[in-house]
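The form predicted on its own is given below as one chain in structure tokens.
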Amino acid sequence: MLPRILRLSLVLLFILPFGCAKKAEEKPFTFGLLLVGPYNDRGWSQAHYDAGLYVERKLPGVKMIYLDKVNPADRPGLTLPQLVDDLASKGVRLIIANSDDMKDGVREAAKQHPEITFIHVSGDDVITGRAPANLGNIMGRMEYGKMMAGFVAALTTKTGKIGYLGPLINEETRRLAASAYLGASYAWQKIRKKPLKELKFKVSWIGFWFNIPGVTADPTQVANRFYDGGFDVVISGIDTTEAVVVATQKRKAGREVWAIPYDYKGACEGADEVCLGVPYFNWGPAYLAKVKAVKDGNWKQGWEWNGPDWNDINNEDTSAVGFFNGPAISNEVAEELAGFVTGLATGEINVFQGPIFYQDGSPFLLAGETATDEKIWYMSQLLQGMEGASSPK
């Protein structure tokens, strides 16, 4: 029989490795999330924050660390690589940067931290070849959501005047505003049977994704100018909810006006009388796939432009883009919208078919031509029929 001390030593030899392995397995996989605005803005940033919570729910042992208000006004003098250094010190293995404005900073940070995987939302560095090997891009095909927003706006307006509250001007925001216009044009001509010249579609830009006092135009004032100028539907392209707030105020004053907010599924809450619906991003499925891939060691660099799940555009587990019908949408418009969505899903309806011209009269699409992804992504102007600046200059 073995001496007691020897028996104890052998037992410890078997127990300790298993105990250490269990402890290592319990160490959470941590990912970082950089948000351009407040995590609870009821818009763009909250949609991303909620997606991070979705990942935590779906993957036990995964933890999110987020930093919000990552923009020059809220964090003056602090660079994105500096924020990444802080996240790296906390052991993150994946960092998601959620704004087009972060393109240069996230590229620089990725080069400095090859041990971390980076995802930049809405960028194109993978396409252009500027991305280091540890940086990928994802974006949702919100163009479909904006088409739906424009479609609903055109079927609802009684004045024939639709306002578009835009953020800053770049390729992304031009193509989204243009998508709303094309959806409105389709409804105006095909459903209401009215000549396009009788539809007014105006874009007013504030200069950033949300209000920065002293830097941007005040979105509340811009929305007021729309409504006071006879525009009875305002489609929002900014990250926050000023359009529905102002519309609610006008409605309480006896005005028959409506609004369509943006980004976040819950943006209609508290605006039942005016909210026609909201095109929104659902980042959860894409985030979940990226976290799992990095965690399992099989992530591959790529550029993704994820569309709706046409079987159910509001499925939180499968659809990257959805449209929530608001309380103020009429039954008739909701029914027409359902038909429009079906047409988009089957390909029977494609609003990006020529002839379509840019504002300066040059062709965007020739007669019979269908837009490629590249042509839509790199839209260089607003379209003929849209009022508003195509360039910040």
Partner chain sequence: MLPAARLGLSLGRLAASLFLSLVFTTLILLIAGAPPIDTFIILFAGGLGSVAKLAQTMSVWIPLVLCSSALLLAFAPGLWNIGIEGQIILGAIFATGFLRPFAEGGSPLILVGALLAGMIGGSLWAYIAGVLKTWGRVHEIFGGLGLNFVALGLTLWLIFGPWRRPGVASMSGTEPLHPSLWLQEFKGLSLNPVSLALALVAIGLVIYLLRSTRWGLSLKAVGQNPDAALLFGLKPNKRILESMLACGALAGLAGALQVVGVYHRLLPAISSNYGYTALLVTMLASFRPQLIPPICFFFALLNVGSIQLPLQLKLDSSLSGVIQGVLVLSVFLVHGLEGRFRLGRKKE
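Source: prediction; values computed, not measured. Positions refer to the first chain, counted from 1.
Quick note: we don't show the form predicted in complex with the partner chain, though the next part is all about it.
- At a distance threshold of 4.5 angstroms between non-hydrogen atoms, Lys194 is out of contact with the partner chain in the predicted complex.
- Remark: Tyr66 counts among the residues lining the partner chain in the predicted complex, judged by a heavy atom distance of 4.5 Å or less.
- Within this chain, Asn298 is remote from the site of the partner chain in the predicted complex, having no heavy atom within 4.5 Å.
- Arg75 belongs to the set of residues with a heavy atom inside 4.5 Å of the partner chain in the predicted complex.
- Residue-level contacts in the predicted complex: of Thr159, Gln221, Asn170, Asn315, one residue has a heavy atom within 4.5 Å of the partner chain, and it is Asn170.
- Among Glu269, Glu273, Asp124, Glu108, the residue placing a heavy atom within 4.5 Å of the partner chain in the predicted complex is Glu108.
- The candidate stretches are 259-267, 136-144, 96-104, 175-183, and the one lying within 4.5 Å of the partner chain in the predicted complex by heavy atoms is 96-104.
- Of the residues in 76-96, those that come within 4.5 Å of the partner chain in the predicted complex through at least one heavy atom are, in sequence order, Pro76, Gly77, Leu78, Thr79, Gln82, Leu83, Asp86, Leu87, Ser89, Lys90.
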